[in-house]
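A single chain, nothing else alongside it, follows as structure tokens in the form predicted on its own.
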């Protein structure tokens, strides 16, 4: 069984000690051994980043951008190889893995605009012979902690932008599917990034705590569950670090009576069951305005859910692969059991699915609940699996109140032909990312990604303009060059124009 190394100061590093297995979820078999970093290993990555920072921060933004242009080209050339690694360790289909990578590359493209996004602001003659300007300067050593569900895309939300802003970055990816993340970081070095500017260290909570506690680490980015997001935000900020911690979600789709139901069903199938529902933007609740809409929706969903093509993610032409681990499959099955016990109507039961030739894989078929109520656990909690819950309401206002009362506010959407209803929904809904007839309203790279309420801890969203602000700090400079012939008396009042 091969060992997956760390990447520190441009070198692949292995160590003895604690380790975990990395599985192929389609077969249920361990395929790699992953060493978990000690505090000493984490510190060596920090030391390398700290040593590389002075030269990198003084590298012109245009030269940093040139590295990103070459990096983008290498990512595109290695798409098939990266997608294969994602599918082997995560389980998502090859097509889904390729789509994830493409969305990550969009953020590299945004980072290529470094000279524009870092050019600062300038005002001449704010006072007599006085000019003022603002610089956006790097923080220093920053770190990212990323989840299993997007091993390529989420890291690419973080370090391309952090790097072109002049920082040095330490990445701790998920220990469940780290190979694609490591390969992508190696491609960045191949693109010409100096040693030490990016390091990849593998680990669990001990590694996270080491990054939180290290005084050299000035900022932390995180994507994962809400309890861990809240922990990282609390522990990081009390140590004076800048933190953006993106947490969990319970994303609702509202279906109005005038919705184009066929298109809505197609959209919901992909949004609820794509990637086995292991997305923080997955639609897990369909809120139907009126029983007629709900009945029609369920009738159209059932045959499509039963027809889902499910198999080993590395095979082509599939709709779904397995869940990432056996524990994840069992947890989702437990939610299904709980929903039945609570009185919801289990219309489609995907439990007990086996795939020929992959009987030990972590598979679960699509599940559909009807008559779900807000008191049920399957409604309140993030299931993170291929389970869609149908909730019935009588009005748009009732649907919006339901969404606004939920503790999460990551993403939502509405299906309607009514512009007035869509506008009201967009204005009044208390959610960070909203779609109108768009089921997965993930912002493009030149906007920013983030939820509201307990879906985000911190003031700035991920990537885009907010990402630039997160990875830089503003320095305001006011400069005066008096005329040689002039001499002014001392002024003791607070200066003004």
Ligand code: NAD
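Numbering follows the first chain given and starts at 1. These numbers were taken from a predicted model, which means no experiment stands behind them.
The same protein has a further form, the form predicted together with nicotinamide-adenine-dinucleotide (NAD), not shown here; the description that follows concerns it.
- Of the residues given (425, 335, 231, 362), 231 alone sits with a heavy atom within 4.5 Å of nicotinamide-adenine-dinucleotide (NAD) in the model of the complex.
- The contact residue chosen from 223, 264, 211, 389 relative to nicotinamide-adenine-dinucleotide (NAD) in the model of the complex is 223, the criterion being a non-hydrogen atom within 4.5 angstroms.
- For the three marked residues, 258, 416 and 441, no heavy atom of any sits within 4.5 Å of nicotinamide-adenine-dinucleotide (NAD) in the model of the complex.
- With the partner omitted here, the stretch from 197 to 205, 77 to 85, 369 to 377, 393 to 401 that lies within 4.5 Å of nicotinamide-adenine-dinucleotide (NAD) by heavy atoms in the model of the complex is 197 to 205.
- At the 4.5 Å threshold, heavy atoms of residue 147 reach nicotinamide-adenine-dinucleotide (NAD) in the model of the complex.
- nicotinamide-adenine-dinucleotide (NAD) is not drawn, but in the model of the complex it has a heavy atom within 4.5 Å of residue 176.
- At the 4.5 Å threshold, heavy atoms of residue 71 stay clear of nicotinamide-adenine-dinucleotide (NAD) in the model of the complex, well away from it.
- For residue 96, no non-hydrogen atom is located within 4.5 Å of nicotinamide-adenine-dinucleotide (NAD) in the model of the complex, even though that partner is not displayed.
- Residues 382, 384 are the ones in 369 to 405 with at least one heavy atom within 4.5 Å of nicotinamide-adenine-dinucleotide (NAD) in the model of the complex, listed in sequence order.
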